[in-house]
Every structure is written in C-alpha cells, then in structure tokens.
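Single chain ahead, by itself, as structure tokens, in the form predicted alone.
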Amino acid sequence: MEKQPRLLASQLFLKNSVFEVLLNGVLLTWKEIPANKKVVSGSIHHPIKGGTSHSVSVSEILAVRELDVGGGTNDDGRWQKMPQKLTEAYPYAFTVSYVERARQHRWRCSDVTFHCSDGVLRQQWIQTIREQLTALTSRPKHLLVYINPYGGKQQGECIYEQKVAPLFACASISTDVIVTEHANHARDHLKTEAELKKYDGVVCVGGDGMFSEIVHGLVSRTQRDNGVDQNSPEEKLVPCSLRIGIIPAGSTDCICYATVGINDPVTSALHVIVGDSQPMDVCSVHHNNTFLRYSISLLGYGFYGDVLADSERKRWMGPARYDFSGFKTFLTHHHYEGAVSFLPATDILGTPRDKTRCRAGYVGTVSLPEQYEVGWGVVRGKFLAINAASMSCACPRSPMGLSPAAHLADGTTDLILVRKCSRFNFLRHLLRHTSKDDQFDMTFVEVHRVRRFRFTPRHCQNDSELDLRENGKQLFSQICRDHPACSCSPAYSSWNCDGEILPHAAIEVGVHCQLIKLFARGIEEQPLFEDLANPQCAL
C-alpha cells in the first residue's frame, strides 16, 4: 500500500500527557511521548512509562468540533472540569468523535479531546479533518426515516430518539422522519409520494417486516420509474440507487445479523453514518405470470409455512405464539407432495456445505444468457419442508442460521429440501440449526445453490388453486370432525415469505443479483475487531 503523505503533525495534550498527533489521508494517529526521566535498576535503564498509541481510520471519524475548555469536557463519556493549570497552558481544545469496536461486532461512538496552546492550530486541525470528511462522498447527508412504533417490543420511537437521532445530529445528517400509522404505510409512501431525489438513503426503524416494506416500496418504485414490468418472471429488474439502513427494533432482526453481525441500534446507526454499502440479492416470487412478493431472507413451505399460518391465528398470544405454533406444527408432522424444479448455479465458487460464512457478500455471477446453458434439475417427492435461504437467516436462537454458507450478493439462493422422515429425525434436523454441525449431513436433506426454482404441488391441476385449497380444507375438516383419529395431511401448505403468507402454493422464484444496497459492510473478521479495538496497537 502506498504511503500516505502527512497532512498535519503536532504535539498536543491529552489526559495529562503529551501526544504526537498525526493526520494523513487514511489515518488519525496519536502516540504518547515517553517521559525523559528514567529509573536505573542495575545496569539497565527503564523508562518510567512507555508511549501508548491509537489509530483511527479517517473514514470512521464521525465528526470534529471545538470544545470550550473552561466549561469542561465529555471525554470518555464523563463530564470533568479541567485543572486550572492545564486550562491556562492549553486553553484551546477540539474533540474528535469516531467509531470504536467492541465485542461481538458492536460499534460504539467514542470521543477523544486534544488540547493545544494555539487557537490557530486548533482551527487548522478542525478545518483539515472536516475537509477529509467532506471528501468522503459515500456518506449520506439527508435521510428519509420510517419508524414502526408497533414492531417488536414497541420501542421503535424510543430507540430512535434516544440512541440514533443524537448520532445523526453529531454527524450533521439531516432527516425527515415518518412514524408509520398502519401496515404498508412506508411501502405505499415510497411507491407513490416520496421525493426520492432529495435523499441519500432510506432508513427504517423496526424489524424484518418493516425492512421488507421498505424493499417492496423502493424496488417497485424503481421498476415503475424505469418502465419495467414486475409481472414478468423473466424481466431483468433495475437495481435501486438509494441505500437502505436498518435500525433494529424487531423480534428477530435476521437481516442485521447477516449484514452487520449483531442486532444493535447504535452499531447499525454508525454503519449508516460512515456510508457503508453492502449489495444484496432479492428474490421475486410469481404465480402464473403475476407478481406476488419479493423475498430477502427466507421462503419456506411446509413446516415454516405452517408455523406462520398457525401463529397468525394466535396474535393475541404475543411473541409466545411462535413457540406454541412451532411445537404444535412439529407434533402434527404434516408432509406435502409436489415437484421442485431448479436452475443450479454451477458457475460460482463455493457450495452450501463448504462452511464458509459470507462476509463480503460477493462471490461472482454470470450473464443471463449463460445461465440458461445449464439444464434444470427436478426433484419429486413428499416434503416436510422446502426452504430457500438467500442469506444465513441467523438469529439469537439460531446462531448459524438455516444455511450458514448462503451468500448475500452472488445471484443465488440455497434451496433446502427436507423429505418426509420420522418425527425424531426431523427433530434432529431442527436442532442442527442451533449447533455448529453440518446442517445438511442427513440422508433425508438435500441442498442446492440455485438461480431460479419452481414448485408445483401434486394436486395443483387446471382448476383454481385457491378453490382447491378451500374445498380441500372443508373436505378434510369434515372428515376429521367425523373421524377424530384421522391423521391425514392436508393437500397444501402455505409459503412463508419473510414472515408474510403467500396466497398460492405453486410459485416461480428468480434471484436478482445485487438488486438493493444496505448501509452495511458484511460481517467483519473477528481478528480485525480485536486489532482495531486495542488502544495499544502499534503504528
């Protein structure tokens, strides 16, 4: 890497010590100047104290501001009165706010205050740092913020006002805030009313459902503005130009886990401020050339579809409904018969079983004509679950997710087929989601990395699928009322599309490579966290 020229270098006062402070186009570094006095022990001379050092990337400096030394300082988050002698010797000070890494991928805002004896020198430092920050064109200046006050623990407004808004203000980011009043409020506003040209990004405060609303609104608006027909499964969609930020305030927040590594509002807000950009794939779901929904994380038929459908009837139970419905669905052990056809992704590096977690997101892709040179595969049978994971789908209850090696932005999704098996074996499969063992090392489970797939239930013929489903429900419910011991399976399950139920079982799914971008950078390697979080790091 080419050595960066110095922009500024000065001896400044910090925490009762003199530091050599250096700024170039990449780093702000401060290193303590060791004391001159030495203690003699035998024939060896030991300095009283060695020079500690700290480096911060310029791209992760949030702001710089003047400080009134006489009024005190907030260095290290605590208000403290400066000693009189220090105030007289160094009457000028400035504070730099920057990103500091903590454990488990958390980011925090830290402050360091430098004192100097010359007001001109202070102004020179402030101006130079601000010029460097202005040159970072990837940083947002004006954001459109949607807050869901009902999601998760209904803390969205509180989280934004107390944890996020002060950080945006510190970084001089202006915001237009909309508190949503009903379901799909944000989606509809983005599709029709929002003046998107005014903004550098869209931020949602809520859970995965709120994020899905933002994606649907933004993607639909982009396609409409570019004359793209969303009802055509073969249509190539236009990528969205605005980045999306997620401030987690939901129940699972699996999008944050896959793109940042943790569901922490402060961490996500800091990723927005520094202007990170993480591309992501989006799946489009169609039925008979009619657009249904977009999927970002999970499409699940069978077990996960049944869990969602049952939990929707038990909303009065609150979050506990998912545990109850999951246990009930496991006990019913329904299987569903059909055919899955898929276009395998044979042109990329990596497989769903290579145990390589996606951190940067991009692996590689091919052009559309090349995709169709590879033949389609077909799997027929009875399935307990059919899942398509476009990311790991990790969350606190499932640290590795449904597909730990799924990639964020390579134009593929991992298609997981769980065939009919015993209840005990299916339990073993579910428990694998909570461990680090191979998720797919079972004879009744197979996984394919695909670019497109279709599912056709066995009983789906020419008649209306919904009519068949409703008639089937009536028929089976009548039989089961007459014969309580009946253990027959219904003909159809429901598709769980990122927490929403689809109205059709027969669907066609296509993956659109890097259709959206998030204010994120993927999950950083842990050694990087440890090195940058260590204040004793060498220059």
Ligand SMILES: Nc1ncnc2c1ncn2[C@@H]1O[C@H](COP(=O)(O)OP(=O)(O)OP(=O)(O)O)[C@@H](O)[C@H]1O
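The first residue of the sequence shown is number 1, and the count goes up from there. Everything quoted here is computed from the prediction, not taken from an experiment.
Just so it is clear, the following notes concern the form predicted in complex with the named molecule, a form of the same protein that is not shown.
The three marked residues, Arg6, Glu20 and Gln123, fail to reach the named molecule in the model of the complex, with no heavy atom of any inside 4.5 Å.
The single contact residue among Glu32, Glu60, Glu500, Glu66, judged by any heavy atom lying within 4.5 Å of the named molecule in the model of the complex, is Glu500.
Proximity to the named molecule in the model of the complex, taken as a non-hydrogen atom within 4.5 angstroms, holds for one residue of Thr252, Thr113, Gln132, Gln278, which is Thr252. In the model of the complex, Gly302 stays away from the named molecule, with no heavy atom inside 4.5 Å. The shortest heavy atom separation between Arg321 and the named molecule in the model of the complex is within 4.5 Å. Remark: Asp264 does not count among the residues lining the named molecule in the model of the complex, judged by a heavy atom distance of 4.5 Å or less. Within 4.5 Å of some heavy atom of the named molecule in the model of the complex lies at least one heavy atom of Pro149. In summary, the region of this chain contacting the named molecule in the model of the complex, judged by heavy atoms within 4.5 Å and restricted to 95 to 103, 168 to 176, 183 to 191, 284 to 292, corresponds to 183 to 191.
Residues of 183 to 215 that come within 4.5 Å of the named molecule in the model of the complex, judged by any heavy atom, are Ala183, Asn184, Gly206, Gly207, Asp208, Gly209, Met210, Glu213 in sequence order.
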